[in-house]
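Heads up, what comes next is one protein chain in two forms, each shown on its own as structure tokens, labelled structure 1 and structure 2.
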Structure 1
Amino acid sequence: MALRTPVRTEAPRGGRTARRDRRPRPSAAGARIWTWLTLPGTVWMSVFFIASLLLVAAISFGTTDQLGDPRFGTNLGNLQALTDPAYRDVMLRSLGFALLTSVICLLIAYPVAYAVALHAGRFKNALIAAIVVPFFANYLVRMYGWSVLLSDDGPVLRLLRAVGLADAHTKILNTGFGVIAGLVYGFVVFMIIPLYAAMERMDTSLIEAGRDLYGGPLRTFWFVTVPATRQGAGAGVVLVFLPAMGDFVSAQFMGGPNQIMIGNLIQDKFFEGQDWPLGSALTMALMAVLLIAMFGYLRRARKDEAEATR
């Protein structure tokens, strides 16, 4: 009876055994099937997006008649009006609010996603549901409730006055802080979910190796966890920045005349001012900013994928 000689596999340098990627690779036929399945939805969304965008672009060169109805034309006055300092200040304010909202959401979402993904155990799904389910409620209703909580006579300011952290003149509503608070509350879930998904895919052995190399948990988090979840953070920033830039509900409920955003101007021109051409011009300016941000993210994502495949 022949004896079998055990085959010993040498581990790579550093004492770690290489892990094989056993995920099945899709065949060419499978890739074609998925392409055909995604084609109807892609065509549907693309046609209506491009058609509506072209319509808005055409109206931005038009005028209004005596009844306030839009008329197509070749008027450049609406685009020239965008250089007005008042519109420029509103655009810059909206950009600043959206960027600050993205940063605050990132700071809030990282520890939440880290705790749920790596330390929640069997309660992971329940915690994700507890985070997501409240956002099933209508956004307008949630903003209205948030404005009641942060009102001058609301429970938040009453509690702060009771503990001596606020006085009778302290306000949250009708301030920039109130608008940003509403934006963060409205869109923070869009940051938590991508970060949670990125941390779920992350190899936890990297954290253990990082503790050996960098020591403390803060340095390990900064030099290991953050680079490993960079794509999730980038996706979350885009998902927060894009809707926050064009939001008007938070500024309407939480802000005042000095905190209006570009979305409030667009709403006013379309529904109250009956100036559709100028509203369309403001919409095109907003779309330009959002497309620049989107293309920047896609370019960065392609670079990250190229570096990962090397």
Structure 2
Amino acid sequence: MALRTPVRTEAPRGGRTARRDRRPRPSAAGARIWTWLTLPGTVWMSVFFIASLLLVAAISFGTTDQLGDPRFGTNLGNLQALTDPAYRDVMLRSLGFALLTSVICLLIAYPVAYAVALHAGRFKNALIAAIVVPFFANYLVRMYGWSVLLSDDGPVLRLLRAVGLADAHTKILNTGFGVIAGLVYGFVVFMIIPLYAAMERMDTSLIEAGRDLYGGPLRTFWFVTVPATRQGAGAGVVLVFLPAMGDFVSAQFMGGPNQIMIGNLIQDKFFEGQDWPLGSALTMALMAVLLIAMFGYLRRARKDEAEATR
């Protein structure tokens, strides 16, 4: 190499190899701090979350003793009980309720997110805050207020009766529709937020171009807005489906004995029936449905992403 450097005073060649060997790695030593920071949270989550989930799985193979306390075992009875028509119906109903809730949330959230994201002007941020903030208010209190509103002599039914849309026998509470109304009220925000974010990101000139191409606003919405926000909608469906599937409050406050969901069964096995192994098996069944849903969503999302980057 042709370097015009000042003349070397000495060339310390002899000591080089030795020095390299005993040199501690400064950046490696510094990086240990990140391990120490990661460790406490990881250990905490491993013990109190992962281990406890594994315990649920283990207990679902267990039995109860005379006192009703759970015992470990290799009992397949609890898992077999899941195929019992009574339990199977509840699980199918939960699935149906959660799916319907997702669809209804989608139908509500699209126009709301569209109006707020694209037509609210400078009130956009205030409006989206006005949607988000109430959802941090206590879930029980909100659900209670909702049940009062929809009760048999509550304002909604009185209004509907007054305009002739309902008669004296029309009910919302204690019906499946009531339970779904509760779930929608509880979780619709999880649909609005991702959709709103997707619409905000959307290039609005697309809509203008869509007007040119497709004419009517409905066709434009279907051919332009919906495809552009599909990922947001997908995320929203998952975010609504997961808590709706596991909910037991809505069925209690808004439904009757014929509308119970899997969450109510689990609650019952742990608090009233004292059959923890069966409760654990039901919990595992719930978790399995959710993991399948989640897995399906992630695969779909990854496929979409791959197509988008292609």
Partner chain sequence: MNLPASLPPRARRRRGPRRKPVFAIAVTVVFFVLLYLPIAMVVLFSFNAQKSLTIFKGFSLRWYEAFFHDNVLLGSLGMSLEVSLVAMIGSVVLGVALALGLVRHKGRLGGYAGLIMMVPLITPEIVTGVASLLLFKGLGVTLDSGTVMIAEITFSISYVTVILRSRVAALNPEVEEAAMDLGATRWQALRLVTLPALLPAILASAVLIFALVFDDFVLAYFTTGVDPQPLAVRIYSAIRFGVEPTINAVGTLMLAGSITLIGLALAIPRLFGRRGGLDLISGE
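Along the sequence of structure 1, residues get numbers from 1 upward. Note that the rigid core is defined as the largest set of C-alphas that superpose within 1.5 Å between two forms. Note that the coordinates shown come from a computational prediction; the quantities given were computed from them, not determined experimentally.
Undergrad: Mind telling me which structure is the form predicted together with its partner chain?
TA: Looking at both copies of the chain, structure 2 is the one that matches the description.
Undergrad: Please say whether, between the two structures, the C-alpha of I50 moves by 2 Å or more once the core is aligned.
TA: After core superposition, the C-alpha of I50 moves 2 Å or more between the two structures.
Undergrad: Would you say whether N258 is displaced between the two structures, judging by a C-alpha shift of 2 Å or more on the superposed rigid core?
TA: No, the C-alpha moves less than 2 Å.
Undergrad: Once the rigid core is matched, what's the CA displacement of P40 between the two structures in angstrom?
TA: A shift of 7.8 Å at the C-alpha.
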